[in-house]
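Before any questions on binding or motion, here is one chain by itself as structure tokens, the form predicted alone.
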């Protein structure tokens, strides 16, 4: 019988309403996809009975990075592009916490790209949500790494001149990638299922979420919203299982084995159909925590080791080190 983390930690299960996990009214624009993503995170917390004191959301800079201000839990609003190293530090010291990383297409795929790639290689136990609206919204509509070709922005008034970066293909080509999925903010049923899969994956669970920006790129995703036949719904009995009603709306469905990396890469590279679902999962990739047993030492032992190491470089006043029992 499978037990949850809360059961293993003997945390009392307490039913909480959805609004319990909101601590402030969001300042996102009306119709912004960030609102839908926030609701999906709150539903996950409610359905998993997560105590707010065991949840940490970490963000960088951008519209999406406001989420820690609105989620009733611990939060850390960090520097631009630095959400991942902050989250890795938190998780390495407190492996009992549920750590969510909230990042945007600029925050993750531009200034934070080096951290992003190496996080796949380290495979820390984090749930990472990439809010991808194809623009720098917080700074009022500049071209981002994922801005579609030809789209006009304040920094590309005649249209973006380069093909956009594909976060899915990058993720599936990264060393030690263990979980890669794609969701869209306008399909809450699918979004919630994918977030649940990511949460229960032990390792670096990366979810790209296509997110609407009604202020600067209104209508960007309308072709897929208005015509579900342009979406490839990637399903599997052990992954995404849409309801019968939802399945009827999407004629292009593919039963995909998420352990098939080659097929996952071909699905991601297909420009005819937009993939939605779990593309790849490998539960056998060792996590950073598995490879570094020192992280499992009691906090007192870790502090002692750190102090001993730092003491090697301390310039002690005459006799003080000897008085403390040192060499």
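Numbering follows the first chain given and starts at 1. Computed from a predicted model, the values in this text were never measured in an experiment.
Missing here is the form predicted in complex with a small molecule; even so, the following discussion is about that form.
- Of the candidates 80, 118, 236, 253, 80 is the one whose heavy atoms come within 4.5 Å of the small molecule in the predicted complex; the others do not.
- Residue heavy atoms within 4.5 Å of the small molecule in the predicted complex occur in exactly one stretch of 177 to 185, 155 to 163, 98 to 106, 191 to 199, and that stretch is 98 to 106.
- Contact annotation: residue 139 falls within 4.5 Å of the small molecule in the predicted complex, judged by heavy atom distances.
- Proximity of residue 50 to the small molecule in the predicted complex: non-hydrogen atoms within 4.5 Å are absent; the residue sits far from the partner.
- Remark: residue 111 counts among the residues lining the small molecule in the predicted complex, judged by a heavy atom distance of 4.5 Å or less.
- Contact annotation: residue 268 falls outside 4.5 Å of the small molecule in the predicted complex, judged by heavy atom distances.
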